[in-house]
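Heads up, the chain shows up twice below as structure tokens, two forms, tagged structure 1 and structure 2.
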Structure 1
């Protein structure tokens, strides 16, 4: 009798918890997606509708010409190329350096190994804005100010702590027996690294590469600090100048912002599984 009386109570509690859970999920979904939806809707309005009408009203007729203006009139195509070129170049160099460093720290035992790893990962905790002056002075001394090389070198450096942390987590999970067997079969240092460790660490590498590219793509402060030439401006810096070139054309600026967001969303959708797997690797060991 007691069990039959408890079942309705338990079902009632489970139903209440399920309702509360869905309320929280819907709330956070709306809270997260509403600014993006508002941005897309505003980018399809005319300037008159945006300034004089309700900010939450739908456009009378979608103005796709705003996206054309953002790409052609404002030279957004050149900025997109700069962002892609700098982001991909920095990501490739960053992954090469970080994977080599992570391999040495993960697979070799030497005095001070964990201290070196701590110094690497401590960079994750340092605010990037606090390093503006040192980075600017170093890049200037190297003669790389206002060049692609300066941005690529800087973005490579600021992403090494996170990339090393993620890739090392994957390499730690690879059994040492695989490498020992390859060594017995005659594999040298580079053969083991390129043919065994790197392929098995691809999840962490993809995760690190995704984070590095998104960091480069969305970065504004250092791109604005190191570059003054219009030909070298990345998309995030270029959006800032829309208020000068289009003093009242806010809808074209919103269209440019939407365009700049799309690669980040597409990249995460494509590599979602690898990113989640890379972030959770090493969480459970046994």
Structure 2
């Protein structure tokens, strides 16, 4: 069909629509990119250049020293380590627990299976911010307030509905015959899980893990609530203190913000398909 479609010259209304379309496309792109570019460019200026010059001006000489300042003044190294450590630990535990749960829900028929499944799905819709009070009390009662453990436990738990959902979706698509054949050959419960199902649901697991890690990395509300010690601050909580730490050293503060954003953007570009799949499939089914 498309080969036979003639491309007439755009006239009148069509032309206006085409122009309007590109205006919109470019407007949204500029709206997203320009502030980020401004931030990066400003982070490479001297404070004098930043305060006196136009926002569109480029720095005379890129001031990389702002970045070394940012790393030392804010203690960004420690925060980055905390974020990576908490995020990775929570992701590993979360994926183990979720894939075990997803295996049971996806492959076996047992009493209460439907109810359990509904519980997991409903979990995706719960407004977690509203549960601040109980989370604070539970973590305190467990003696995990102000520890890595408290954050890791909470992040593991709040990601369970989503991860189970994503992994189960993939496990459902693995043919039953495969597992049944293995069963006849004498494969037990564990062997079937580790040797057949787990390797075959790799893509679902990667999506869930990427999504979980990104959620942990960007999480602020609970990290801020559960941790008061400076040593345990994740990068998101640390950002909050930048305004005090840097006071009038704007350019170093911008450098610190850039450092905090770069891992998210790089991770996104590397795992784009997984992140989009994770974020949209939950939404569409939910």
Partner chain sequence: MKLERSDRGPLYAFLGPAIVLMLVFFVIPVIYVFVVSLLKWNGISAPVFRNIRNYTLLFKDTAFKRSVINNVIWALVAGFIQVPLAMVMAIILSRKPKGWKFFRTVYFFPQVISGIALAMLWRAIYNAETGLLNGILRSIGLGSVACDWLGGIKTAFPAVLIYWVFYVGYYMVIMMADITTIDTSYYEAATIDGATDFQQAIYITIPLIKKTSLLTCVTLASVMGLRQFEQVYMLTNGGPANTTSTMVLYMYKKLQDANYGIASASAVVLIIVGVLFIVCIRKLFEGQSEETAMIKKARRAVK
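This one's a predicted model, so the numbers in the text were calculated from it and none came from an experiment. Residue numbers count along the first chain shown, from 1. The term rigid core refers to the maximal set of C-alpha atoms that superpose within 1.5 Å between the two forms.
Where the criterion is the form predicted on its own, structure 1 meets it and its counterpart does not. After superposing the rigid core, the C-alpha of residue 229 moves by less than 2 Å between the two structures. Annotation for residue 218: C-alpha shift under 2 angstroms between the two structures, rigid core superposed.
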